[in-house]
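One chain is shown next in structure tokens, namely the form predicted on its own.
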């Protein structure tokens, strides 16, 4: 018998879920809105949630359609992951509304490619912040990225993720010729596996930022690569910026999609995380470093939040 049944004598998929009494959730601590060129990331580790009563509180936040979608998932682990993903989005967005909106009150719509977006209602005396978000999840981590008025894509992949096929075979199927050629230069199998996952994570974040997903922008149509930044004079010294991640069209290699900026880092020492965000052309950097800024929180909504931006939980690879 699972821990969910043992602790509550009620399975998550039971029709009596709607009749179960819920404790009122505690208020969510407010969060300051992201600044220009900044992404806020909130993540949950599903295996750390062992209190079934908290799962029922999260279920109470969902719309009837979302609940049915969760309950249709095959198996307790998939149900739990789907529930946490939806609850994380709702509780995260609610933090940025100065307590005016509860997690339960949010409404969502999808663009023509299926990417979820907030459907903001009109309010007489309050203008809601133009938040944009994106979610990514594996069986071991769920992450939600938030920006202010700028498209965002986020993807997380387990560092030790295993593939059933040969890496180069998969690369030939999904990656551009330039990316395949790069992977072929890596003789060490573990290094090649790691670089494949990093590239996949970056490419996934990019197509999600576009709002199209893999079906709307196949991975083979573009190349992710590093571009060395030009050296520049800073306070009397000649310094060189770290290389940046750029996107290049396969059918026209000279064309760079410069409107996008990236971050790639390790999260919790277990996952590669890629963020792609549109550049803030309305607020130029005015000569300062225009790299994407990150704030990262580990959370268990209604229970605990911890900012981990400057800790070992976030290890920058490049941005």
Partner chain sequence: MASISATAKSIPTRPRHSLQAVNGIFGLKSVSISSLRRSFPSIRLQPTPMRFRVCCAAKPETVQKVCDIVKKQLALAEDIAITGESKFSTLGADSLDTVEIVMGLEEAFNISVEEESAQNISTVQDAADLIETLVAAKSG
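Positions refer to the first chain, counted from 1. It should be emphasised that the depicted structure is a prediction, and the values quoted were computed from it without experimental measurement.
Omitted here: the form predicted in complex with its partner chain. The next part is about that form.
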Of the residues 104, 173, 184, 159, which one places a heavy atom within 4.5 Å of its partner chain in the predicted bound form?
-> 173
Considering its partner chain in the predicted bound form, which of 192, 212, 80, 198 comes within 4.5 Å of it through any heavy atom?
-> 212
In terms of non-hydrogen atoms within 4.5 angstroms, which of the given stretches 109 to 117, 87 to 95, 176 to 184, 142 to 150 touches its partner chain in the predicted bound form?
-> 109 to 117
Honest question, do 128, 132 and 316 all end up within 4.5 Å of its partner chain in the predicted bound form by heavy atom distance?
-> no
With a 4.5 Å heavy atom cut-off, would you call residue 204 a contact of its partner chain in the predicted bound form?
-> yes
Could you confirm whether residue 75 comes within 4.5 Å of its partner chain in the predicted bound form, counting heavy atoms only?
-> yes
